[in-house]
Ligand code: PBG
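Let's start with one chain on its own, the form predicted alone, as structure tokens.
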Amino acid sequence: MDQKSSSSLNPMSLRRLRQTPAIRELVTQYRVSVDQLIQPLFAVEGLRDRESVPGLTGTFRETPDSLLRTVESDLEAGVRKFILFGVPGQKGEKSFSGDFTARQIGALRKRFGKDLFLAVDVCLCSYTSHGQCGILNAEGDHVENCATVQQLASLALEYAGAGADCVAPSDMMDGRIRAIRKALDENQLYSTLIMSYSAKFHSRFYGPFRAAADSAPKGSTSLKDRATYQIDPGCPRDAYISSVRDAEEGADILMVKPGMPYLDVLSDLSKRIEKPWAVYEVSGEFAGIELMAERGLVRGPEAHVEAWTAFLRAGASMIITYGARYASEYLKKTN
């Protein structure tokens, strides 16, 4: 069929707007930018040398010295936003000090000043001997909510005082946002943001992260997983209720985690709750794309950018991803 007859049959042809890269760039609705991406960092007390994390290309368990070098390299690559996970050398069950993580925050701030935006994860899973996200009762079969919240608020205050721009509680305890906001306000830390993992699901996609943060449940108690406090994958109603509560208690940013398996949740919540939304492309998601690329099943950079585009399309304004440090390179290959 020639062009004239095709046009007369289909005067509203959509393909005219897809003909060239220039046209596609002009009409696209969602475009990934490095400015929207947050790079996770793992600082581990007691390491002699940085260690690679299986499945997470380019991600390392860092020493205090290597952490500074890594961030310097990331800044040169255009990454300005980070979330830090501190992994202390000593584990415990009840009382925890955030001193190691606070020192890394202070070192980053001293070295780079305001050149970076630094969020810090607030949870106890890397601190506890059993790997649960809170303080257990005497029987070891239940996380004590109130005792855990008190400890989380204390850690958040310590991190904020050390220079964190944002504290990010990921534990899923009830009432922790109110407690953290109260602690920050009472100490005149009014400008510190709270990014709440408000819709964190009991997912099977967290494996590589748990190796990086030494945070897997250890199985030494009768509580074998985190189903009693993370959201059931089949219960998105809870994600809405939890997110509304966290917004009302003082969270500045809300989050859905994981990302790709919960795009429907992100799309729904971002429409119903008018807050900035983050999404965490968790380690299992990122590693899955990397594994497919390694096997020659996908082109890695293009697949990563496609995933990030899906998050933006579903309503996220920021994405935590292990590929942030490669985004400039990836975007050049897909544009």
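Everything numeric in this text was worked out from a predicted model, so none of it was measured. Start at 1 and count along the sequence shown; that's the residue number.
Note that the form predicted in complex with the named molecule isn't included here; everything after this is about it.
Heavy atoms within 4.5 Å of the named molecule in the predicted complex are found in one stretch of 146 to 154, 201 to 209, 233 to 241, 176 to 184, which is 201 to 209.
Residue contact check for L263: none of its heavy atoms lie within 4.5 Å of the named molecule in the predicted complex. For F85, a non-hydrogen atom is located within 4.5 Å of the named molecule in the predicted complex, even though that partner is not displayed. The named molecule is not shown here, and in the predicted complex it never comes within 4.5 Å of any heavy atom of F96. Residue contact check for T192: none of its heavy atoms lie within 4.5 Å of the named molecule in the predicted complex. Among the residues A119, C125, V79, L136, the one placing a heavy atom within 4.5 Å of the named molecule in the predicted complex is C125. Checked against the named molecule in the predicted complex, the candidates A278, L269, V282, A43 yield a single residue with a heavy atom inside 4.5 Å, and that residue is V282. Counting a residue when any of its non-hydrogen atoms is within 4.5 Å of the named molecule in the predicted complex, the one hit in 309 to 327 is Y322.
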